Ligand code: NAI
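In the form predicted on its own, a lone chain appears below as structure tokens.
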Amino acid sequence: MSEQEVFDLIIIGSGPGGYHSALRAAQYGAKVAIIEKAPSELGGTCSNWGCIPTKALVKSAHLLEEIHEIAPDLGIMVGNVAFDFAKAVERKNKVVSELRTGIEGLLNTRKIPIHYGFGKLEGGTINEGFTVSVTPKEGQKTFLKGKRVILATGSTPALIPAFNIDHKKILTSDDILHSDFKTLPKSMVIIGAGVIGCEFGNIFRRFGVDVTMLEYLPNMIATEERLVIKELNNTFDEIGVKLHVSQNVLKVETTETGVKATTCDASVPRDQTESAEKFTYEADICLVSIGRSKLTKDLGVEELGGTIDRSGIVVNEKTRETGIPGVYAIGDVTGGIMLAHKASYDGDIAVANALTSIGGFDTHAREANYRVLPATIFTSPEIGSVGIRENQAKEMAKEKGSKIYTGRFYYASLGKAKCMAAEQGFMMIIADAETDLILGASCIGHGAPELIATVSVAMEHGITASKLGHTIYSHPTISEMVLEAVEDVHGMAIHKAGRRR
């Protein structure tokens, strides 16, 4: 081990949690090193096989939707439209490459060395510092010394043995977004109708693929508001996505022509599935999107006194510190809600606490607060949400002996939405009847993720529903959805018939 260089902070993993943490620490003047398994994985899942590549394909899908479904109503006759999937994939690959290069450039500008290889905690304490090994795919193992360490290794698609994932016909989301996946199938079965499954279902159906979705639970995207689920379900029906809920997928097999999934009703007890009535679904390929596994193996956490359970690396939720003083963990590898922006936020908390514990930096100890954590689903229409759902709010109010008010407004009643031919969907905002504080919001429709950001700011800073409604919104804009929905909390929306509360 070289004693020539001691880093203030060593970060294992370069996803939206890892590279964000590295850049943030460098802004405070810390000496930082980052470790990533391979150059092709710089930026992590989000940049390479998640958020970014899917949104590049979403753009192609959305443009096709507008051409086929909206353009004729706007007086635009385009005739026969050809779609080149391979070209769309090439653009997606270009976007990914440019962003990966951009991340590398930012790290280089901040003089943050990137060590490519598998990172592992080898030993150390908070007082003596930590030794971290870097094992490249080819070449000799090296060692780094750091005062503090952040683990940001992320997650990978869960591999279920019964599904026989062969990465050829039975695929994960990583496989679907591989740079060489350029042949559009005629049909596909998607196992799982959560966020990932619904986004891919929307994308490939818009591309003309015959899509069948199999979901174990009684509803798609089950964590969202009931009315949001209903709205998306109606859309999927309209565009021809065949959704089958309450389906327990027993096995997936390859056939001469493609794949075959066998299911039974999800209500059948596990020990009775053999004799249960079976259903089969066949397609060219199968996408398995039933969750993600945390990358916790061989990190050296447990050897140094940390704990790993089914959720991932166990941390103090407020400080992000593991059971090893001086070692922090952020993002997907700790389980919980797996969102790129949460990983980045985790990184801010971990960096502040790590550098404050070292001393000599312009930082202060921070505690994480996940009360305001927005989430988005990039189907068409888009979905955005923040805070708690209406049924949760009602239960909480019942326990306290209070009540809630819910405001709703529909795109079909908004001038700008009508002009844009974007009349599908609605926004709802939930507030405490006594304090007028916003408890949560959901939106499905054009620009939903951006609209939710406005509500998130209000919730974070304690702006009441009434005060948010006193803000002047430019007209005509889609942002007026927020104004109308928040005014409707008290029955005061101008463009909705209703009674003042």
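Position 1 is the first residue in the sequence shown; the rest follow in order. Since the structure is predicted, the reported quantities are computational estimates derived from the model, not experimental observations.
There is another form of this protein, the form predicted in complex with the named molecule, and it is not shown here; the text below is about that form.
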With the named molecule left out here, work out from 186 to 194, 358 to 366, 314 to 322, 229 to 237 which stretch has heavy atoms within 4.5 Å of it in the model of the complex. 186 to 194
Whether I377 contacts the named molecule in the model of the complex should be assessed with a 4.5 Å heavy atom distance threshold; does it? yes
Is E199 a contact residue for the named molecule in the model of the complex, using a 4.5 Å heavy atom cut-off? yes
4.5 angstroms heavy atom contact with the named molecule in the model of the complex for T172: no
I'd like to know if N353 sits close to the named molecule in the model of the complex, meaning any non-hydrogen atom pair within 4.5 angstroms. no
Considering the named molecule in the model of the complex, which of Y281, F163, Y411, Y405 comes within 4.5 Å of it through any heavy atom? F163
Here the chain is shown alone; which of A261, I290, I308, A417 has a heavy atom within 4.5 Å of the named molecule in the model of the complex? I290
When the named molecule is placed as it is in the model of the complex, are S344, L437 and I463 each within 4.5 Å of it, taking any non-hydrogen atom of the residue? no
Looking at the named molecule in the model of the complex, which residues in 329 to 356 have at least one heavy atom within 4.5 Å of it? M338, L339
